[in-house]
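Taking the form predicted alone, here's one chain by itself in structure tokens.
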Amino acid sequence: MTVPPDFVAVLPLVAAVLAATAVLLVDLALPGRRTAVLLTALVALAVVALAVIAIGGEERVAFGGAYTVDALTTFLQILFVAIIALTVMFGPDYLVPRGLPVAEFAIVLIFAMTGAMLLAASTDLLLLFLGLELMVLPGYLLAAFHKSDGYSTEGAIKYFLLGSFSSAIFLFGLAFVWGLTGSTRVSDVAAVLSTFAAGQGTLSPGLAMGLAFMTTGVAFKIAAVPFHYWTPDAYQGSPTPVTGYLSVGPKIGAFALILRLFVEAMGPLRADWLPVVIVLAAATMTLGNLVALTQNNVKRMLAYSSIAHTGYMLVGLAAWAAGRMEGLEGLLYYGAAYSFMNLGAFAVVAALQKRSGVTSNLDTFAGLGRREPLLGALMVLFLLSLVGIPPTAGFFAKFYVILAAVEAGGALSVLAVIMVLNAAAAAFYYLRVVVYMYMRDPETEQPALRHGRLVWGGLAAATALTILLGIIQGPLLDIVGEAARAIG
């Protein structure tokens, strides 16, 4: 029997849905058996990763051009699987002491992953919107996962309301573009916009408004300034493993949407939207860092820091729009490096909060370097990588983005200088945590906690990737280069 080509293309997506179903069935058959649930989730995620690699060996187009498997799709889908696997590993030590269900946590995460995987492969505006909603709706549930905690509920409500507004704005813009171009296919929209870029007609006010609405909706999803207001409360109120996921998963997914929308669909008009991206990047990294400097809560500090990292990634997009393919490669490299170092930092925060009632204030980290030397050393590594100290992955992520901006010249050179100044300012609040860990005594002596093997395994993976992506950049550069060429 011949397998339909369309089904072959979506096989990884089907495998992801079956993975979530498998975890659900195991939990129903073996209630309360967390080990079985977690083992099933991790094995299922490994199977999904193998399916992505197997199908991604050649370019495939399915469903009339609405779904495309290319090098970018494969890279992003593997990254999404890795993010979810690490989050599943970091979650139980935090959730179990608080009586929060582990199985539901893993199931919702995997369903969110299916939306992100769909986003990565979508080359149709309607399918992009569907993937976006499949990714963010589980995020609302996860933000309110600790439903008896008022902060969690408050953050989830803000996240839901502003997220819904931004989705509506994006959909409104999509309707304008659909009506005025006659198609939702990314390639067709790009073809229509190419005629305007070639001077064969003028961009109508309605189409310009549609593109502006879609840009605004996407800016909300990546928490770009001034559309960032939901981020600090949603991050601080969510259970810490959820915060780690929210700071990485939906952000990378939204950038997947940006790549399909700005690079593929709106690429012909890059000269028109480049100034907007430059302003967004400068404002986002600067405000994110300035507010992070004032924070005494590490989760809230990392939330504002994630806003700043959004600005850094936008610099890569701006460099591509200015004519440097290296900008797109730098953006993708940054996305991978940021995912692992930021997840690692949040994993350490979650590990410290294993004892119920422990906050994420700076005082919690006082004396950590002496109380739990290994955990303290890992936190130092992740923070140094977030700062951009060589030879960590964070340094080379910033280096490639800045280099692309400098090579683009003009206004991008100024943007590169702004990025360097922001990275230097960020060192203050990151290294402040290190000072507390090694140079401050705790207010009360607490015995060292015993952390589960899954936590240590996840930390080992995040640590290895943070170091290896800094020491050996070649393999990842080859991968992101191929991914960038697939759409650029």
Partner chain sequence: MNISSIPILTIVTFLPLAGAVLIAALPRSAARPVALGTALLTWVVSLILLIGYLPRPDFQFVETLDWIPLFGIQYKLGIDGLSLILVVLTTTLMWVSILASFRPIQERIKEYMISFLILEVGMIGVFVALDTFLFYIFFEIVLVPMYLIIGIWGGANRIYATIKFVLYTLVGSLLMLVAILATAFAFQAQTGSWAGAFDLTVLRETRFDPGLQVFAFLAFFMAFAIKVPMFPFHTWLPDAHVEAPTAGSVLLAGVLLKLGGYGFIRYAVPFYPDAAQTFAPLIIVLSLIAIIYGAIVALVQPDLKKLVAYSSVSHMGFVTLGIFVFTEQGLQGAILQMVNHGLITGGLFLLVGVIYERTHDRTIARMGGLAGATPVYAAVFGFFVFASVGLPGLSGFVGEFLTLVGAFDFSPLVAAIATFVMILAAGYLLWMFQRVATGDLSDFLRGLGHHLTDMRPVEVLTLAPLAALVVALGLFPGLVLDLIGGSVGSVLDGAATAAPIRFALWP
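Numbering follows the first chain given and starts at 1. None of the values given here were measured: they were computed from a predicted structure.
Omitted here: the form predicted together with its partner chain. The next part is about that form.
Though the partner is left out of this view, L384 does reach within 4.5 Å of its partner chain in the predicted bound form, counting heavy atoms only. In the predicted bound form, V406 approaches its partner chain with a heavy atom inside 4.5 Å.
With a 4.5 Å cutoff on heavy atoms, A427 counts as touching its partner chain in the predicted bound form. Among residues of the shown chain, G369 is one whose heavy atoms approach its partner chain to within 4.5 Å in the predicted bound form. Taken together, F399, I402 and V434 are fully in contact with its partner chain in the predicted bound form: each brings a heavy atom within 4.5 Å.
Just one listed stretch, out of 206 to 214, 141 to 149, 369 to 377, 297 to 305, contacts its partner chain in the predicted bound form at the 4.5 Å heavy atom level, and that stretch is 369 to 377.
Proximity to its partner chain in the predicted bound form, defined as a heavy atom within 4.5 Å, holds among A54, V61, A460, V420 only for V420. Note on contacts: among P390, G410, G182, P275, the single residue with a heavy atom within 4.5 Å of its partner chain in the predicted bound form is P390.
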